[in-house]
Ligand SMILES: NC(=O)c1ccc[n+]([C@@H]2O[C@H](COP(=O)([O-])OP(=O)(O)OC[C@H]3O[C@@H](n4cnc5c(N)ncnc54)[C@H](OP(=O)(O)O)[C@@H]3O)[C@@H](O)[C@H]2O)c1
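Just the one chain here, the form predicted alone, laid out as structure tokens.
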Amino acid sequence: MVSSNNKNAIITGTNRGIGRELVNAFAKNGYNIWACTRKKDESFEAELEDIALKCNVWIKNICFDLADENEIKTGIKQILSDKNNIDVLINNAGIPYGGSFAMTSMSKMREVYDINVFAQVQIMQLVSRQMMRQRSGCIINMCSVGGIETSPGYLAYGSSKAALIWITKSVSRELGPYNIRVNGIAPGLIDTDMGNYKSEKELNKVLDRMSIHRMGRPEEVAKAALYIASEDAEYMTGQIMILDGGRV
């Protein structure tokens, strides 16, 4: 039987990479989870059922496309209809894109911003209304070191993550009076499908700059999110935690 004392978390982009590890880590720490993905996948749903059973929590797969504003509304409405407190929101889903300034089309810029910026804001707006009624909550946005340091060839992606960093800090000021904390995590090179799209030359160039000379692991990002969501970080808001292996 699932404990009524469990906290509840919404996590987006849960079917691979960092999102998958976030589900595992938060379930192991007693969180019930709305695991959001773009599409239904029977094998993934079976995996979620197995995790829920082992961790004595419930996990519900909620599907919506971040590129579709109406689907986002429907998905979050489904979550809110459960009438449960929402203790944590992790905006993890996003898309990468590499392309030179001259060759980046406006349609690609809009696509990246729709998913990496506008969808994140929409989800925060919808979920924070519930958190404001509760007068409590924790929002974690998955940012990127690509939004902090500039690099040729990443105009769309880097600027979208820079926007999300600014948004995170701004929203923390507005939601602070409601006891809602808003922070971000800025991973560097993480060993996931999304993190492995760089060429070998680009990868080695970044690794050479790092104090810890390896790619990060998804579970290390998940542990950072757990800390931010915990009572140990209850005085932390408006901050961006950088996890990049010490790029200097």
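What you see is a predicted model, and the numbers here were worked out from it, not measured in a lab. When you see a residue number, it is the position in the sequence shown, counting from 1.
Another form, the form predicted in complex with this ligand, is not on view; read the next lines as being about it.
Across the proposed site, 38, 95 and 188 without exception bring a heavy atom within 4.5 Å of this ligand in the predicted complex. Stretch-level contact analysis of 205-213, 176-184, 59-67, 27-35 against this ligand in the predicted complex, using heavy atoms and a 4.5 Å limit, identifies 59-67. This ligand in the predicted complex is not approached by residue 23, whose heavy atoms all lie more than 4.5 angstroms from it. Residue contact with this ligand in the predicted complex: residue 115 places a heavy atom within 4.5 Å of it. When this ligand is considered in the predicted complex, residue 157 lines it closely, a heavy atom lying within 4.5 Å. Using a 4.5 Å cutoff between non-hydrogen atoms, residue 127 does not count as a contact of this ligand in the predicted complex.
Contacts between stretch 12-39 and this ligand, counted in the predicted complex as any heavy atom lying within 4.5 Å, involve 13, 14, 15, 16, 17, 18, 19, 38, listed in sequence order.
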